[in-house]
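Starting off, we have a lone chain in the form predicted alone, written out as structure tokens.
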């Protein structure tokens, strides 16, 4: 392997090990790092949804953004760029989040669940690949949301500024309504009540954000690049994340092989597949998985920023309209919206083709 390959492999190993350690230090099981789950918890903490068991300002999220910003500044890659299909990207972010919450995890958590022994994530992985391959077909047929343009410094700074505000709120947790409570809301039970110490979570986010920016890590991009050019660079990152979390879980005694009794997961294979198929398709059309969108937003990419805001809106929609799954399985409404989401994303892929 060359130097570039070592970078993505080391990044993957660090992410896998840190994710297992964050669970050991307090984060929910098989959820040391999950972009979808942590954005959902953050949306709940801000009162954007009122699902009481998933409300907590996850410090890993602003850490990822700020870590990416630091890395981009050091590499002279921090610049405002965007304006490519803005509203479409917002919609794709919504559907990416809804698909993830039907599966109960983003592509990163899918690998972490596999590394923790959760076999339900296998069908999620298959669905994710199928969704990506559908997106690749649209790319081959000329799908393009338009050329991004250089923007102002103010645009580049918005997401890092939001990240700093979230860190401040996470530290001080101000209460603006003494009678109703919150924001900031914090779960008394459920996944939102499980978290690693704030300083450790923030530091982990900074490290992962920095490394992921330098390595250009993208989980949907790995399959896309292999399908288009047989490039295995990002796939090495996939494997490294899995190996890192698997070995760490075995050492820590956190490995539990099977389908049943897995933490914050359900056993409905069809909708594990379908949910992640929607994530894979939306991710390809948006230009990156949830992790990649967060990293892009940190380095000044406003297209990535609007996709992240779409995911936050998707988290609020998913819980306010009973679309998100629970360990008992997906909801009726969640199944319907996944099918609608796949059809809409396919329509976007078909319509947004260059002549």
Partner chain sequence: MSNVVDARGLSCPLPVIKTKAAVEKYDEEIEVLVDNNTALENVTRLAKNKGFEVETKKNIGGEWQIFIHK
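Residue numbers count along the first chain shown, from 1. Keep in mind it's a predicted model, so treat the numbers as computed, not measured.
Omitted from view is the form predicted together with the partner chain, to which the following refers.
*Which of these stretches, 265 to 273, 144 to 152, 160 to 168, 114 to 122, has heavy atoms within 4.5 Å of the partner chain in the model of the complex?*
This holds for exactly one stretch, 144 to 152.
*Would you mind picking the one in 300, 28, 287, 310 that has a heavy atom within 4.5 Å of the partner chain in the model of the complex?*
Filtering the options by heavy-atom distance leaves 287.
*in the model of the complex, which of the listed residues (186, 207, 126, 139) lies with a heavy atom within 4.5 Å of the partner chain?*
Spelling it out, the residue with a heavy atom inside the cut-off is 139.
*Quick one: does residue 229 come within 4.5 Å of the partner chain in the model of the complex, counting heavy atoms only?*
Close contact exists here: in the model of the complex, residue 229 approaches the partner chain to within 4.5 Å, heavy atoms only.
*If you check in the model of the complex, is residue 195 within 4.5 Å of the partner chain, heavy atoms only?*
Heavy-atom contact with the partner chain at 4.5 Å: absent for residue 195.
*With the partner left out of view, is residue 353 within 4.5 angstroms of the partner chain in the model of the complex by any non-hydrogen atom?*
Residue-level check for residue 353: no, no contact with the partner chain.
*Counting only non-hydrogen atoms and a 4.5 angstroms cut-off, does residue 58 reach the partner chain in the model of the complex?*
Judged by the heavy-atom cut-off of 4.5 Å, residue 58 is well away from the partner chain in the model of the complex.
*For the stretch 55 to 83, return the residues whose heavy atoms include at least one within 4.5 Å of the partner chain in the model of the complex, in the order they occur.*
Going through 55 to 83 in order - heavy atoms within 4.5 Å of the partner chain in the model of the complex - the hits are 77, 79, 81.
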